[in-house]
Ligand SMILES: Nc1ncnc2c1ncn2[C@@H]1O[C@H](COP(=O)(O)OP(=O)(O)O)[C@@H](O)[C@H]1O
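Just one chain follows, in the form predicted on its own, and it is written as structure tokens.
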Amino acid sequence: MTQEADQNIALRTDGLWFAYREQDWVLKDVSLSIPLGKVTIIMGPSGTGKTTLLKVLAGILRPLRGRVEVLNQTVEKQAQRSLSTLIGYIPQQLGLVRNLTAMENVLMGALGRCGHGKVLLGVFPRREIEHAKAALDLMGIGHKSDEKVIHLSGGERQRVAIARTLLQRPRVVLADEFVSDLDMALALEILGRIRRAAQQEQITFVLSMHRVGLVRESAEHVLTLSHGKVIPGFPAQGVQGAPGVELPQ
């Protein structure tokens, strides 16, 4: 692969194998390339390993074999603090603090840049507050900044979670099924805002999803995970069509 091609790849894996229990492989020889600055969707039904794959890509889980590179840097060799400036991760349950306001939750994305003593007192630099406001505005929820998350709708919480991750200033954002509980119209609106954020902030988004109609309407790049293996695009025989394989000795 040429140096120019490398510069157009945000995230790459080579021969990933992962199991929670010995020989019970969740990921099987996964090799993939995620294009820079695009919205990539990893699709597949529940139970096919999408969450596990995202956690391995984020550096939360370590592969038993293979490697992960983000912007040509090996994830396994990065300290957690430096990794957070490269990769943002939004879990399916979002990880928001329900009794804090939308603004306070978004400001949590700046923790790595602010002294924890001041943060515990609720003191953030003015520039971080301005960035948080801009992130909420980008997500179309600036008018809800002072409301507690517990009083927000599901779609509004999704936007707060994205805004919080944007404040982290990552180069790649991984999000796990975070629009799965929303109706089609609202999910498409949020995905449209993600595309604008990708263009405006020069961020690569990788989303896991199982709703085929939503994927067809919103994805720029599609990968299908089936039986622990990755298939480019939409497989002709459906998402369960990939053959199983054994780990090479």
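Don't overthink the numbering: it's just position in the shown sequence, from 1. It should be emphasised that the depicted structure is a prediction, and the values quoted were computed from it without experimental measurement.
Missing here is the form predicted together with the named molecule; even so, the following discussion is about that form.
- Stretch 49-57 is the contacting one of 31-39, 188-196, 64-72, 49-57, since its residues have non-hydrogen atoms within 4.5 Å of the named molecule in the model of the complex.
- In the model of the complex, the named molecule lies farther than 4.5 Å from every heavy atom of L182.
- The named molecule in the model of the complex is not approached by A219, whose heavy atoms all lie more than 4.5 angstroms from it.
- The closest non-hydrogen atom of L214 lies beyond 4.5 Å of the named molecule in the model of the complex.
- In the model of the complex, the named molecule stays beyond 4.5 Å of every heavy atom belonging to L223.
- Interface residues of 11-30, taken as those with a heavy atom within 4.5 Å of the named molecule in the model of the complex (partner not displayed): Y20, R21, V26, in sequence order.
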